[in-house]
Ligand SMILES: Cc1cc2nc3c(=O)[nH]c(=O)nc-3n(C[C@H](O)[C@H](O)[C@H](O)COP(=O)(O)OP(=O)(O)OC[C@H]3O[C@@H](n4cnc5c(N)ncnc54)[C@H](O)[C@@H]3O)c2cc1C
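Consider the single chain below, provided in structure tokens and representing the form predicted alone.
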Amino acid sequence: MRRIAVIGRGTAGSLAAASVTRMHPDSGHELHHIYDSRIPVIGVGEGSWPSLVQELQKLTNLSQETVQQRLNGTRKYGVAFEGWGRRKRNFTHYFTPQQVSYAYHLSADVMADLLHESTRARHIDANVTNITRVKGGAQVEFDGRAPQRYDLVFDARGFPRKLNPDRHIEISFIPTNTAVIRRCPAIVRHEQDGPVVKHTYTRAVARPHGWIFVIPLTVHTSYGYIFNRDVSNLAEVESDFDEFLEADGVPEFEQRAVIPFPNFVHRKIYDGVVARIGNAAAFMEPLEATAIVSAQIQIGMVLQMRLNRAIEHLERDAPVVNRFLISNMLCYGLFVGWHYSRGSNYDTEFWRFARHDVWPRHRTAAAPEAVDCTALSKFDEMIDLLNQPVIDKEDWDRMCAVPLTSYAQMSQGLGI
């Protein structure tokens, strides 16, 4: 692997470029980081999983405390659910060990800048028009530039504008498809002499038209209203958003974006020479902050295989890796969609639609013959475990994208 390209400057692309720099054993390799400077990085606040804390320390060679400060970050110990399920009480989905393991709340645009400092690459400002697999590699075509050939290409150009059933698996059992993003004043005080060490949580607040996330950073607080534009119109969502912020004591806000999104998994995340990562590989609503951890897994698996396996194994390895990545993303999707299965405090059109119309689709949408993987059976096994009067110790570490402890916490909290 002498020539590698990473296309895209967002979170996934920046993670990939920094990961190639750190993991490639040959310092003489050529890495091109390609992005169109006319496409801005939306500076939303993001949540993550604990694995990112260790990974950023390795990628940047900075202390965890310094990384957190550079990210305008706070320490996320879990997700606080408000108004979800049928038990009529709030609950928290903690990382485990509870109140010990933490992730970051972070500024996405700042994280990209931080990772660029640790990346050794030739930066190319260009619009990529096509990526095609050719003998022994992939060819990248540009607008107004000669094409380039690479041994491996990471495609981090974001989710497709329209889903194609031949290329994409629609996660039709998640009921949302649009986000309204607002930036509000900080609710966590910035520490002058070090990182903020208080425990913070992503709030996930059920509302009549969907739910609102609240992500506390040291420079501002990110709020996002996640809803379905085919069920609720933007005006009524904005009105409810205003009402929520007023009740939350937020005096002002900056409207950042209205983002329509698909919930999907690409059928060809990895073909041996082209690896789709981040939102190009899959996307689902941000309820459990699966975006960054998914990109970490995609990048890590591809690099581990390409850097440590002989090239003659490539054609046999690629379908195995691809199937695992698809299954992992669908397991995330099933876990997220399951959150809606017991409704919320609101008996509204959206919540009836989510519970009675959308979630029941999961058995058909994730059926093995439709997705060519075993995600549904893995999910069913986790639910069966929860229904056992006693769970044997050898099953405590079982995973279906997330560990059994997460399923148990959510099951108890939702009243399943």
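We number the residues from 1 along the sequence you see. Model, not experiment: these values are computed from the prediction.
What comes next is about the form predicted together with the ligand, which is not displayed.
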Discussion item. Just to confirm the contact call: exactly one of 371-379, 384-392, 57-65, 30-38 touches the ligand in the predicted bound form at a 4.5 Å heavy atom cutoff, so which is it?
Written reply: 30-38
Item to complete: Find out whether any non-hydrogen atom of Gly158 is located within 4.5 angstroms of the ligand in the predicted bound form, and reply yes or no.
Response: yes
Discussion item. So, Ile215 and the ligand: in the predicted bound form, are they within 4.5 Å at any heavy atom pair?
Written reply: yes
Worksheet item: Are any of the heavy atoms in Cys400 no more than 4.5 Å from a heavy atom of the ligand in the predicted bound form?
Response: no
Worksheet item: Can any non-hydrogen atom of Ser344 be found within 4.5 angstroms of the ligand in the predicted bound form?
Response: no
Worksheet item: Out of Trp338, Phe283, Phe95, Phe241, which one falls within 4.5 Å of the ligand in the predicted bound form, going by heavy atoms?
Response: Phe283
Worksheet item: What is the one choice in Ser172, Asn127, Gln99, Asn90 with a heavy atom within 4.5 Å of the ligand in the predicted bound form?
Response: Asn127
Worksheet item: Counting only heavy atoms and a 4.5 Å cut-off, does the ligand in the predicted bound form sit next to every one of Glu82, Ala204 and Leu245?
Response: no
Worksheet item: Considering only 1-24, what residues come within 4.5 Å of the ligand in the predicted bound form, judged by heavy atoms?
Response: Ile7, Gly8, Arg9, Gly10, Thr11, Ala12, Gly13
